[in-house]
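A lone chain, given as structure tokens: the form predicted on its own.
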Amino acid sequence: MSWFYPFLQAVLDGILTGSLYALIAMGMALIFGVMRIVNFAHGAFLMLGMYATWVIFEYGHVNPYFGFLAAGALLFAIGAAVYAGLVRHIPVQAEFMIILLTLGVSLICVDTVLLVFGADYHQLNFPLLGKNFRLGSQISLNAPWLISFGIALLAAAGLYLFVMRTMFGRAARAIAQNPYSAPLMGINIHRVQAVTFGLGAAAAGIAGGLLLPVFYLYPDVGHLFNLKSFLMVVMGGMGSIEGAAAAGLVLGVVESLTSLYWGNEWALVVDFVIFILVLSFRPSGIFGSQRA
């Protein structure tokens, strides 16, 4: 049984990490599901959420587990503004232009942060970081990861219920199904899409704020999560927010087990192997559908 406790520890750690992956991926999946565009600025939005939470902590002395709310609100406003000022004016059919635009937004965000804060690495330092909860004599869970897991779970559930149970969610799904007929039903497409883009950015911002206590902060931190988000959205079924959440949890556990048995350097390789296998044997993703 000497193998069991390390295995269980890795699975639990992977679930904690995967909950944040799930929230990040759900934001990207929501934008794709409603607007049929891949937001390559998603990782940059996550990075801005981390920096916003860090600034609030450093200069306002606000605990990051409260500061992430302000980061989410800020990123919602930024996301809605990016849609209204830029994305709205590019036809959906011009996929290449959308890719270039969102990549450009990402570069602007990263370079602005570099100019303002520099390229230094930052990490929070507050008493909670050193606390662990023990489950028996062999298993321990880091307190910041556990708190981030709980908040991410609530945020993901809230986002899912908002999309699936509210009038806005019905309007968003109507646009996803048929953007040409939706205006005939009295739906204001641009308003719904602006809110959708804002919600996707807010999900990234909130996840960034929750990552801050357990992750290093630097201007390019978003690139890694941008790639992972795209992998999770494709694995879960393009446009399926529940599929993206499931893929996030799976990816978190797989990465944790890979790090345990093979080493951290193999984690991204295994991610891509799973990605290729899903595309080869189940191209529609885990949920096998494309819905918002």
Partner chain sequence: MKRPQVMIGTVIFAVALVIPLFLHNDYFLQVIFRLFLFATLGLAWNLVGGYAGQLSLGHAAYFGVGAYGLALLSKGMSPWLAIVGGVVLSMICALIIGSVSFRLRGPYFCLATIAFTEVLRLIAKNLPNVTGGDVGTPVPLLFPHNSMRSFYYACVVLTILSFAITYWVERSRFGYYLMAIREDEDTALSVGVNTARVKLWALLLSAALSALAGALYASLFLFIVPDQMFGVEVSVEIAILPMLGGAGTLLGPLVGSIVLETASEVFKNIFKEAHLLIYGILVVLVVLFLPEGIVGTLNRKLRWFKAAPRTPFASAPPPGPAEESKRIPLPLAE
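Between two forms, the rigid core is the largest collection of C-alphas that superpose within 1.5 Å. Remember, it's a predicted structure, so these values are computed and weren't measured experimentally. Positions refer to the first chain, counted from 1.
The form predicted in complex with its partner chain is left out here; the points below concern that form.
- For the options L135, A119, M164, L128, the one in contact with its partner chain in the predicted bound form, meaning a heavy atom within 4.5 Å, is A119.
- Though its partner chain is absent from this view, in the predicted bound form it lies within 4.5 Å of a heavy atom of just one residue from I147, L86, L124, L153, which is L86.
- Heavy atoms within 4.5 Å of its partner chain in the predicted bound form are found in exactly one of 138-146, 206-214, 155-163, 103-111, that being 103-111.
- In the predicted bound form, its partner chain lies farther than 4.5 Å from every heavy atom of G169.
- Contact between Y261 and its partner chain in the predicted bound form is not found at the 4.5 Å heavy atom cutoff.
- Using a 4.5 angstroms threshold between heavy atoms, W266 counts as touching its partner chain in the predicted bound form.
- Residue contact with its partner chain in the predicted bound form: N178 places a heavy atom within 4.5 Å of it.
- Residues from 248-281 that approach its partner chain in the predicted bound form with a non-hydrogen atom closer than or equal to 4.5 Å are E265, W266, L268, V269, F272, V273, F275, I276, L279, S280, in the order they occur in the chain.
- A movement of the C-alpha atom of V278 reaching 2 angstroms or beyond is seen between the shown form and the other one when the two forms are aligned on their rigid core.
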